[in-house]
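A single chain, nothing else alongside it, follows as structure tokens in the form predicted on its own.
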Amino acid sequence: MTQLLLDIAPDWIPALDNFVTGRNVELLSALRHALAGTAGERCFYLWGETGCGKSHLLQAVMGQARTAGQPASYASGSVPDKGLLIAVDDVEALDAAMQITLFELYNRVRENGGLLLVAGKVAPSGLNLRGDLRTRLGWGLVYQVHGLDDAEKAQALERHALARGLALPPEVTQYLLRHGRRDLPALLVTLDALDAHCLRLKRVASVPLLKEVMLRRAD
């Protein structure tokens, strides 16, 4: 019965439309132009702290491209071997061989077209990668992905809850923001756990139920 209830909740898929923009208006616009083929630059580097939304954006762009029938691939800590549109997440985790592969891919995209999105935790100059790759990553458009403030996180939580069909009272959102982890991915995971808990008990979301979920996750 628990599994059946969990299957009722729709999967939440990263998309440009469900990304809470915050201070990233210019970046979001640039990515939309890139997808539409109206951007001059085809190589992007996104950087920012863990939980700021880099992975969401990379997966969203690749997902939208695939929906439009374009060959697109996303990978974290490695370089996909196929696709006209390619996203490489966690670039600082690439080994020596993968760094060479990314270097060659970057040059190929600039010469022959396509789209390359790369993301890391720091700006290109601060990456602990081979020098020629750091240089290449700084050649394209470089954007810092700014994290959300509490009001923007609340908006993101409400959107996520709505996508799952979960009624989220304001007091539950505020309690989660005050007592949960600060990064948005962790908050969303807690929200998913709350949704599953509510489905199991057939009860609406409340602060007491959220406390139960957070206590279990802390064990």
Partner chain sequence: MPNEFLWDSCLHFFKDNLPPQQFNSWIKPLVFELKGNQITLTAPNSFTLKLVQERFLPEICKRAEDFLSGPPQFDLRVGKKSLAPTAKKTTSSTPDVAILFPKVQKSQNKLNPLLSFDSFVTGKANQLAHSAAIQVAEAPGTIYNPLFIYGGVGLGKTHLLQAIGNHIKHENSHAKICYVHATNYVSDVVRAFQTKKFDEFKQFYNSLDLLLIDDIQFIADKPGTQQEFFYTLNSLIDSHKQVVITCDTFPKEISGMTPRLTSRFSWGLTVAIEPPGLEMRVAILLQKAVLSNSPVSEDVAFFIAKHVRSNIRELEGALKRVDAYSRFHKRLITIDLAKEALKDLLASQNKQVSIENIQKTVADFYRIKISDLLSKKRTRIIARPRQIAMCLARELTPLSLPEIGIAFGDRDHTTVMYACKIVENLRNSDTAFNTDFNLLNQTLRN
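Remember, it's a predicted structure, so these values are computed and weren't measured experimentally. Residue numbers count along the first chain shown, from 1.
Only in words, not in the display: the form predicted in complex with its partner chain, which the text now covers.
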- Message: On the criterion of a non-hydrogen atom at 4.5 angstroms or closer, are G37, K54 and A97 all touching its partner chain in the predicted bound form?
- Response: no
- Considering only heavy atoms, tell me if E41 and its partner chain come within 4.5 Å of each other in the predicted bound form. yes
- Does its partner chain get within 4.5 angstroms of any non-hydrogen atom of V142 in the predicted bound form? yes
- Find out whether any non-hydrogen atom of G77 is located within 4.5 angstroms of its partner chain in the predicted bound form, and reply yes or no. no
- Verify the contact flag for D150: yes if a non-hydrogen atom of it lies within 4.5 Å of a non-hydrogen atom of its partner chain in the predicted bound form, no if not. no
- Message: Where, within 125-155, is there a heavy atom within 4.5 Å of its partner chain in the predicted bound form? Residue list please.
- Response: S125, G126, R130, G131, D132, R134, T135, R136, G138, W139, G140, L141, V142, Y143, Q144, H146
